[in-house]
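In structure tokens, one chain follows: the form predicted alone.
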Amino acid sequence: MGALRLILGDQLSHNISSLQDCALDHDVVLMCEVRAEATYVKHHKKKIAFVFSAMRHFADELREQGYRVDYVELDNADNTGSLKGEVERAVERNNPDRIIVTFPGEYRVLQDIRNWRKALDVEVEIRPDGRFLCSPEEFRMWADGRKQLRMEFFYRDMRRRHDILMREGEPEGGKWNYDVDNRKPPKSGLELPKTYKAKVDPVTREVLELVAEQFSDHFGDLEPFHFAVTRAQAVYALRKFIDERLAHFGDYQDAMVEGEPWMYHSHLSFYLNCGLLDPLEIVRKTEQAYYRGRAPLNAVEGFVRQIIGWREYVRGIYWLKMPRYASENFLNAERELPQLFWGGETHMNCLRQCIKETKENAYAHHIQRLMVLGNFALLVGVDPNQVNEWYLIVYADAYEWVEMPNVSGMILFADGGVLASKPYAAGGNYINNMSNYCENCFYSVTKKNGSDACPFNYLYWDFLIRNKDKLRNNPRLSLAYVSVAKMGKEKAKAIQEDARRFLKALDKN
């Protein structure tokens, strides 16, 4: 018998390493929908439907290409509900001489796979995941000996290594980073194109019915469902982004508008992170748009940085620092996740908008995740474990390798500065500058204290006061702590009293 080639739900790429050199007449491809992977955290209903539907479509494509596919659906009567259990049953059915699998995206899955050889008495070959441009080993070499692991320097190395937006060894346009041009607030009259919406075919409809029946107690709206679930659909979504959104992506990538969840963002992370799209493919097509005069450099560079810079960087941090990274809590945050994150009542319009859109779409763009939802969790001191679990649950593009460094490092500063040079804490003025959320809010963003003041305003200063011993020596917070030092006792007392009142009410809801 040949090899049993396991394809995981986030490895839906025809050039995945576990399919390379596959002998169509001897080898078997195993794919399985297992309850444990859908419920180890209670994933958003739309996320489960997206992954299962994409898996089923991918299996059909493999069959059309001549692969022998052993596919186990969730409601199969013999389904054990666990990945190991289904691999064990597949070994019994197919009697392979070895199991071949591509390096997984989560530490817990890797640890499980490493135990299979002994538990199943069969050789297990773990192959590198070539969909990423920097392997964990290469990132470790880059990090070795560095006092600070800053993304900007990693990003520049990636640009050079892959010759992306480079001209005669120098960055296109003379600068590496055009972020200064990418922080425009939303202006009135923006004509936002509609996001890509795929039609629901019979395969997806069957999955939607399955998810509605099996996961009815999970968070989120299942329908309307319009994710791309095939490679062809994902490629079309990429083309629509380049044609309709890329030119304005840079200008408004930090902007937020009430009732407009998609803005000028690409919405491609769903497909990139599960394998339907390849990172270098996206980057090259985006780069071509610049050279053909279809998009300005600030937009293209900003988008490229998210993919070959930030995305590759956070994966490197994850594999470099796990498993210890999962338990980091530098600020000793212990508050329970507030009920408002699950749709509970709140008078804060920015939070209400972002959580509503997360519930509906299993998506929020990066500024909503960082500077509204994340900023709030940071300021009130929510336990990092609970925040990590929430982000992993609610977003359809979330896998632990990308979610945890963004949450523990970027959002919560729980790693003490491994990833970010300072906590991304901000008061209400930032949200007011970058959105129109404050226009329809119960609270006044211009007021600093009192029951009708924007909570972000006093929570920000309370956060700095509360964490003074750990943060006051951070050079990027020096000006903020000069302000704290100059703050009179009465002002500091008013801030802390407002914060205590707000947090007490928050804990009751």
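Owing to the predicted nature of the structure, the values given are computational and were not obtained by experimental measurement. One-based numbering along the sequence shown.
Note that the form predicted in complex with a small molecule isn't included here; everything after this is about it.
None of the heavy atoms of Leu471 is located within 4.5 Å of the small molecule in the predicted complex. When the small molecule is considered in the predicted complex, Arg108 lines it closely, a heavy atom lying within 4.5 Å.
The closest non-hydrogen atom of Tyr460 lies beyond 4.5 Å of the small molecule in the predicted complex.
When the small molecule is considered in the predicted complex, Val28 lies well away from it, no heavy atom lying within 4.5 Å. Relative to the small molecule in the predicted complex, residues Ala143, Tyr325 and Asp415 are all farther than 4.5 Å at every heavy atom.
Screening 57-65, 460-468, 37-45, 479-487 for residues having heavy atoms within 4.5 Å of the small molecule in the predicted complex returns a single hit, 37-45.
The partner is absent here, but in the predicted complex a heavy atom of Tyr399, alone among Tyr399, Trp176, Phe139, Trp116, sits within 4.5 Å of the small molecule.
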